[in-house]
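Next up: a single chain in C-alpha cells, the form predicted alone.
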C-alpha cells in the first residue's frame, strides 16, 4: 500500500469523446421499455413527449455501439469532470481479497452527484432541438 495512490484522476486529454452503448454488444438484448399505461413496448413518439428526439434515438438503439459526445458537452465535462477513481484499500483488507476495489468519488462534483453527466447532455440536446 505504501507508495500506491488512493486517487486516480483521468487527464483532460483522455476524457472520452464517445458514449458506449453496451446493448449493441449484448448477445441477448434486454426486453423493450414498456409503456406504463398500455404495458406494450413504448414508441419513440411516446418518449418524445418527455425527451428530446436525439436522446430517444439513443435510448432505443440496440445496434450502435458508440455515440459521439458533442464538443460542447465534452468542454463542459472538462470543467467539472472527471471525478477521481478511488482505491478502496481498507475494504480490500477487511475482505481479505486479492482483488483491487475502486469506487467513484462524487463529493468534489459541483452538484455532489453523477447526475450532472446526464443532465449536461440532456440540456445540450434540448437546446439543440
Partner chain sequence: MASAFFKLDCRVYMVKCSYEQKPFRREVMRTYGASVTPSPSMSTAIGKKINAEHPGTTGSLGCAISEAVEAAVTHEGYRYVLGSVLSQVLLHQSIIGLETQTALRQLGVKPDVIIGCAGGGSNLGGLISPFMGEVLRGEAQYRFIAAEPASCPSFTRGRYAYDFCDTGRVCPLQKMYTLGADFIPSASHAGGLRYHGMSATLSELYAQGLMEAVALKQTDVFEAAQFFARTEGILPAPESSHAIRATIDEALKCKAEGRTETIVFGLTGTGYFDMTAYQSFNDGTMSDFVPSDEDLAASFAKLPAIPA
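Predicted model, so just to flag it, every value in this text is computed and none were measured. In this text, the rigid core denotes the largest set of C-alpha atoms whose superposition between the two forms falls within 1.5 Å. Residue numbers count along the first chain shown, from 1.
Same protein, other form: the form predicted in complex with its partner chain, not shown, and the subject of what follows.
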Exercise. Does any heavy atom of residue 94 come within 4.5 Å of a heavy atom of its partner chain in the model of the complex?
Worked result: yes
Problem set entry | Contact label in the model of the complex: residue 34 to its partner chain, heavy atom within 4.5 Å | yes
Exercise. Does at least one non-hydrogen atom of residue 50 fall within 4.5 angstroms of its partner chain in the model of the complex?
Worked result: yes
Exercise. Quick one: is residue 44 in contact with its partner chain in the model of the complex, heavy atoms, 4.5 Å cut-off?
Worked result: no
Exercise. Does superposing the core leave residue 100 with a CA shift of 2 Å or more between the shown form and the other one?
Worked result: yes
Exercise. Superposing on the rigid core, is the CA of residue 35 displaced by 2 Å or more between the shown form and the other one?
Worked result: yes
Exercise. If you line up the core, does residue 26 shift 2 angstroms or more at its C-alpha between the shown form and the other one?
Worked result: no
